[in-house]
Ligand SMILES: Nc1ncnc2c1ncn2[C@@H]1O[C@H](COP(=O)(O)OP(=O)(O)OP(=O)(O)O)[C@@H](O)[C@H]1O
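What follows is a single chain, given as structure tokens, in the form predicted alone.
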């Protein structure tokens, strides 16, 4: 199975008060055709910065390094004009908060039709009809009326469905979904996730799903990368991450999940400490100050990603192969 996206050594740095700080460092992963790849981690770990770097939507103040290969092209090397042809057409994105992503002064129909007129060169009438059909596909009741309404007239769940309609209307090869169910109640969350799964299956679209919710990852993803403080600390299949976690941070995230089938009441096991700030990153392993298994080597040397199984890697000195220690 070929890869839709290959991300190689992606790093993003910002200049703050004359000093450069890495928000994302040496991130590499690939997404296969038709699969859903999860990027998971707590708030502030660099997930959203990574996604914005992929589609070139970061501020000009950000310095982006590495390679992002899509369909034989390095997206980081394309001109602004070439990138605009890719963004929204071949690669689409669902943003975290639809109320701030949708234009408040344009009607829903105009906002969905815009991509079709820009990328597919359709007439206003044809674009309107396809936009209307897309609203039906995302499960919005009375789509004719919704086409003539403004974002503030819709509920949060309906706005999120509109965002999905905008992202999917050009039938992209890759959909990047950044926390698509944030701030939605549980029932609407389930509906949105089921909608994304159905559309991905119907259109054959690959999905990069960014979330902090491990329950969503377990339900939606084929493979997962776990991020901490701007780095990928573990990567593998969903089964690898949930049933054979290797990195202490991944284990900590899983131990902090309430277990509904627990026989006896158990206290949750939080991860002690806080995520380090960009200006005070530890010298060695970034997770070392919060890790119960930290050694002296962890405090001075940053580990690489070691192979711990088939397509399963972990950024931990305890994962280093024994023969490599010899």
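Predicted model only: the values in this text are computed from it and were never measured. Numbering follows the first chain given and starts at 1.
The following text describes the form predicted in complex with this ligand, which does not appear among the structures shown.
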Of the listed stretches (297-305, 37-45, 282-290, 66-74), which one has a non-hydrogen atom within 4.5 Å of this ligand in the predicted complex?
37-45
Quick one: is residue 23 in contact with this ligand in the predicted complex, heavy atoms, 4.5 Å cut-off?
yes
Contact of residue 31 with this ligand in the predicted complex (heavy atom, 4.5 Å):
no
Find out whether any non-hydrogen atom of residue 179 is located within 4.5 angstroms of this ligand in the predicted complex, and reply yes or no.
yes
is_contact(residue 49, this ligand) in the predicted complex, heavy atom dist at most 4.5 Å:
yes
May I ask you to choose, among 278, 271, 257, 55, the residue with a heavy atom within 4.5 Å of this ligand in the predicted complex?
278
